[in-house]
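Single chain ahead, by itself, as structure tokens, in the form predicted on its own.
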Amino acid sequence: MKNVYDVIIIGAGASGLAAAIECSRRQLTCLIIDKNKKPGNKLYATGNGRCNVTNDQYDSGVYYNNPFTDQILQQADLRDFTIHFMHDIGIHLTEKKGYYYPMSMQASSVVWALLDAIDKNRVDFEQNTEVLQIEPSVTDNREAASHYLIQCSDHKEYQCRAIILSMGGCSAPELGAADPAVSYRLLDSLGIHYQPYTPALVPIKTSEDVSALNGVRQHALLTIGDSAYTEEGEIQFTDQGISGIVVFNQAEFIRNLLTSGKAVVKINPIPEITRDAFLSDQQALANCLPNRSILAFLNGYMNDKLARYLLDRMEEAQILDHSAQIAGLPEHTAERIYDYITNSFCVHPIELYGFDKSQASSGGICTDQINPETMEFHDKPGIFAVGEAIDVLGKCGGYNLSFALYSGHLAGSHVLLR
């Protein structure tokens, strides 16, 4: 393996591999350096091994109203880009409720296709190796490409004209995530500003004991704090708190509220049921099956463990005796039950889980340093940053992967053009 390249890509995740594909197509000599034993290591586990790559719904909110991604969305349709990108490397997609997956429903299909799309004659891999230091040597002409010396943990050194930083974030360290200390050292050596990485898209620990609900899944509407943030979807209860996609997507807002001491999550497990419909159902059931219990009535809307949990708390609040039968329930009590379920069922977050439970990272390279049309640093010719290495976070639903692919594509398409 030679030690002089046009481009060196640090990190063999989705964004790095996408960048390498474009470098290969442009006949640039390229080396990918990665700390893991095989490229695309985390990709194999994406989407529980099914690899959700994109989504029908794209707006500013899916990237938490990040001004940088607002510019990206103005210049490209990430859904269409990802569909065409996947098709070009031989992956056909299937759509399920607005979410797009490879037809194989295997993340491995995507990894193998990305690797096959790279021209092996012009792209080398250095696996199981960490980059320890980058030494820039800028020419007198600021418009000319810089040259860089890269030192690795195996005592090897490489030279290149351009660098693409794609070392990823810090989520799922057991799958080979970036070591934040290593990433910070590299960024510091290059004078690159960044926000510390924090776990994102992560379960929440609550002050309430919800262990009796461990494993229960329920479609619900979550309202965070003072009603500024809401999201509807499936919530999953754990032995210590709450999880599920709808919780992951709200974790960033909950994190911000934790610092103020005002973190509260209201859970409405029957958002599609109106008060009138609830009362009508109660009356109808009382007429048909008067001996049916309140628990059995609520079990018609939700998991029996959740119904029992709510009834216990309503009994503590002296709303009802949950051993009562449905026929003997006064209308005003039925109204109070509905109001409690839809407006008073709350949990209080006390902590977010760590990187080992997170789906992605928040933080990273500050985006105000990067040109969104090329992914190159404004004041560092020849250095690009892509994917989860930069401070862009998308909600669950293929948004992080589609951004990784698109940003890698941009960098690989524009590197060494000037």
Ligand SMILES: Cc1cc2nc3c(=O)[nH]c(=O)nc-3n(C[C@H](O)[C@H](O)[C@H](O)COP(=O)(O)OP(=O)(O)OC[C@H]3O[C@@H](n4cnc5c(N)ncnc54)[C@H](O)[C@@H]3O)c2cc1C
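If you're wondering where the values come from, they're calculated on a predicted model, not measured in any experiment. Start at 1 with the first residue shown and count on from there.
Another form exists, predicted together with this ligand; not displayed. Remarks below refer to it.
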Exercise. Mark A12 yes when one of its heavy atoms lies within 4.5 Å of a heavy atom of this ligand in the model of the complex, and no otherwise.
Key: yes
Self-check item: this ligand contact at V110 in the model of the complex, heavy atom, 4.5 Å
Solution: no
Quiz item: So in the model of the complex, does any heavy atom of P381 sit within 4.5 Å of this ligand?
Solution: no
Quiz item: T69 near this ligand in the model of the complex, any heavy atom under 4.5 Å?
Solution: no
Quiz prompt | One stretch from 345-353, 38-46, 22-30, 365-373 that, in the model of the complex, holds residues within 4.5 Å of this ligand by heavy atom | solution = 38-46
Exercise. Taking 4.5 Å between heavy atoms as the contact cutoff, choose which of L175, L93, A324, L149 touches this ligand in the model of the complex.
Key: L175
Quiz item: For the stretch 396-418, which residues lie within 4.5 Å of this ligand in the model of the complex by non-hydrogen atom distance?
Solution: G398, Y399, N400, L401, A404
